[in-house]
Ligand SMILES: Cc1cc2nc3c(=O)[nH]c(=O)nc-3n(C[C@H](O)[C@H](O)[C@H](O)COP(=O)(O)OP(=O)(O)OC[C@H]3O[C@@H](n4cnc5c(N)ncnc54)[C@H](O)[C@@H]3O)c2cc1C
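Next up: just one chain, as structure tokens, the form predicted on its own.
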């Protein structure tokens, strides 16, 4: 997204505008790790990488303790960047993480001063509304669970560009919620399935109401969350004739297209690899967003 004033200022880019990631992985110093509801937010300073575009991801691995009891190393984990901020010739990267297994549990336990291996930024980012629909001037962001992460950076970039933005976030319950401190805005509504905050029900119910009204006129929907939520968003937008972009998740072992673990079906037939052709995909291009192994 280089060359789009107000959205992001990037360094060297690929032909399609994506920031050019340095070759191989590099060590970053962890600078904080704080609780955010049932999640954790940790920050690391990247000494070499570019400022990422919203929607891109990194492959992460802790330098120490990154192995099972038998000593076999874990694969790196793919995480969307939740926020970033240039600090001189370095970039601070923020990640939102939930411990659901040994790898994510280790990332949750990172301490200030530890080192983190990163590879990225990778993948295709979100596109500005006018790229999806000529004349579109607004954005509706829909996030579910830990999938709210890339929308935080995207909201900040859109706000800096003067793009009117409304945010809808949904969580299963109090334990599996957090990250709201990444969203410093007034145009925000929350849904929770257990009713502990905001609307009792699904975040897609809030979206359905919004799409029925004038609020959706001239807006593009951007969503990230579990597969069932993304599929509901895709179908709602198709029914209303609203363009949408979905930041998707699928099992990734490499992050650069070699393992084919993240292949998803396309509406026109065939497959795409989310790590290189996504993770942000236009809803109209997909056969389905119900990807096995995506989300949790």
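Everything quoted here is computed from the prediction, not taken from an experiment. Residue numbers count along the first chain shown, from 1.
A second form of this protein, the form predicted in complex with the ligand, is not displayed here; the remarks below concern that form.
- Just one listed stretch, out of 193-201, 153-161, 166-174, 78-86, contacts the ligand in the predicted bound form at the 4.5 Å heavy atom level, and that stretch is 78-86.
- Judged against the ligand in the predicted bound form with a 4.5 angstroms heavy atom cut-off, the residues 142, 284 and 286 are out of contact without exception.
- Heavy atoms of residue 178 never reach within 4.5 Å of the ligand in the predicted bound form, leaving it off the interface.
- Not displayed here, the ligand is approached by residue 101 to within 4.5 Å at the level of heavy atoms in the predicted bound form.
- Residue contact with the ligand in the predicted bound form: residue 249 places a heavy atom within 4.5 Å of it.
- Within this chain, residue 96 lines the site of the ligand in the predicted bound form, having a heavy atom no more than 4.5 Å away.
- The listed set 220, 118, 149, 207 contains one residue whose heavy atoms approach the ligand in the predicted bound form to within 4.5 Å, identified as 149.
- Residues from 59-75 that approach the ligand in the predicted bound form with a non-hydrogen atom within 4.5 Å are limited to 72.
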